[in-house]
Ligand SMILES: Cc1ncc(COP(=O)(O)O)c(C=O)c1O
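Let's start with one chain on its own, the form predicted on its own, as C-alpha cells.
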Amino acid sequence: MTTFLGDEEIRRLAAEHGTPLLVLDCETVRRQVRLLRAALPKVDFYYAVKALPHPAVLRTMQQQGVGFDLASSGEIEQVRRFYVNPRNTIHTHPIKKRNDIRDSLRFGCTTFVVDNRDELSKFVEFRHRVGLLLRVSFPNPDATVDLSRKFGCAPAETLDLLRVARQLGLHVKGLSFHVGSQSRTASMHAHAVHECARIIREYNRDGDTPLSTLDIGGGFPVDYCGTMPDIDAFCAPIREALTSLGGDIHVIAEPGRYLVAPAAISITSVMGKARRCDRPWYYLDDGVYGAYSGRIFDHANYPIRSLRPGPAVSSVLAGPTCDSIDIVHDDIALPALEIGDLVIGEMMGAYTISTSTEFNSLERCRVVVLHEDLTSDSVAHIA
C-alpha cells in the first residue's frame, strides 16, 4: 500500500503536532477527480459531502468544478460558506422534513430526490420551484453496504409514481439510483442503467415533459485490501451501459468515497499495552469512536501498519475509550511495539472523521491539510 507521505515525514508531523492526527492531502483529491473523470468522461459529478465535509475538501472540489450532493440542512450551511453556486448542488436525501425543503430552496438548491407518494406530496406546495429525481431501488448482494433496503422504489412501481407526480403538477426531471457501496463489480450499475433507460423510453413515449436526467449514484470502490479492480476497468461496463441512454440524457453521479478515501492517513500513538489471552494488546490514542469509526459504521478494513521493524505476531489494537467495543483490529500482525510507537492507518479519508464522536469526552483527532491550493502555491496548515 503506497501513501502520499514517507515515514520520515510522518514522524516529523507527529513530533510537530502530536497525535492523533489525520493528514489530508488535497493533491490526492485532485488526482482522484481526474481518474474518475477519465473513467466516466460524459458524467457530471456531485461530491457526496457526507463522506468528508472538511473545508479543504469542499474548496478543492469547487476548484475542480465538482458539484455537491447534499443530504441535510447542515450540509447546505457547510457549502454556503464557500459561496458555492446553488445550481451546482442537488439534495439527494429521499426522505425530508418540509423545513429541509424550505432550507434548500432558500439556499437555491432546487433539485431533489424522492422515492414514494408521501414524499411527492410534500413538494406540491413548491411545485413551481423544484425539479425531482425519482429514486429506483436495485438491491445489490455484491455491495458491502446495500443502500436499496432503506431507499428507492421498485422498478415496477416507477411508471405509476411518475404518473402520480404528473397528476400532482410536479416536474420530474429524471431517475436516480444507488446500487450500494464497495461493489466488487459494476454489474448492478450496468443493470440499473439499462433498466432506467427502459423506463425512461417507456415514459417518454407518453409523457408531456420527457425525462432528461439519470443520476447513477455513487459506490465506486476503493481498494482497501488489494482485491478491487482499478477504476477504469470497474467503470467499463457502466460506460457501455450508458450508450443505451442516447445522447439526450444528462448523466450525473454522486461520488464520495472514491474521491477522498485515499486522500487521508491516520497517525496514532501507542498509549498503553498489555498481554491478554496470550496475545499483545496495544492501546492507541484514537479508535472506533474517533477516526476509526468506519470500522463499525462503514464496514471498512483499513490498511494498518507500524513504523517499527521486526517479526510480526498476531496482535490486538484497541482504542482509547473505556468501552470494550472500541477495538480497531482484533487480529493484526504487528512487531512488538512500545509505548509511544506510531501506528498508521491508510485510506482513511471517507466516513472516518465525518462519523466520529466525542464519547468519553475525548477530543477528536487534529487534521493537518497538505497541498491545498489557497494562493496557487502548495501549502500546509492546521484546520
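If you're wondering where the values come from, they're calculated on a predicted model, not measured in any experiment. One-based numbering along the sequence shown.
There is another form of the same protein, the form predicted in complex with this ligand; it is not shown, and what comes next is about it.
inquiry  = Residues H178, Q182 and R257 are flagged as a possible site; in the predicted complex, is every one of them within 4.5 Å of this ligand by some non-hydrogen atom?
reply    = Yes, the whole trio is in contact, each within 4.5 Å by some heavy atom.
ask   = Does at least one non-hydrogen atom of N140 fall within 4.5 angstroms of this ligand in the predicted complex?
value = Looking in the predicted complex, residue contacts with this ligand do not include N140, since no heavy atom lies within 4.5 Å.
inquiry  = Please tell me whether any heavy atom belonging to V29 falls inside 4.5 Å of a heavy atom of this ligand, as the geometry stands in the predicted complex.
reply    = Because no heavy atom of V29 falls inside 4.5 Å of this ligand in the predicted complex, the answer is no.
message = in the predicted complex, does G287 come within 4.5 Å of this ligand, counting heavy atoms only?
response = Heavy-atom contact with this ligand at 4.5 Å: absent for G287.
task = Would you please decide whether L147 lies within 4.5 angstroms of this ligand in the predicted complex, comparing each non-hydrogen atom pair?
result = Although this ligand is absent here, L147 would touch it in the predicted complex, with heavy atoms inside 4.5 Å.
message = Considering non-hydrogen atoms and a 4.5 Å limit, which listed residue (R59, H329, K50, R37) is close to this ligand in the predicted complex?
response = For this set of options, the contacting one is K50.
request  = Go through G294, P262, G218, G152 and name the one with a heavy atom inside 4.5 Å of this ligand in the predicted complex.
outcome  = Filtering the options by heavy-atom distance leaves G218.
task = From the candidate stretches 75-83, 164-172, 265-273, 249-257, select the single one in contact with this ligand in the predicted complex, where contact means a heavy atom within 4.5 Å.
result = Of the options, only 249-257 has residues within 4.5 Å of the partner.
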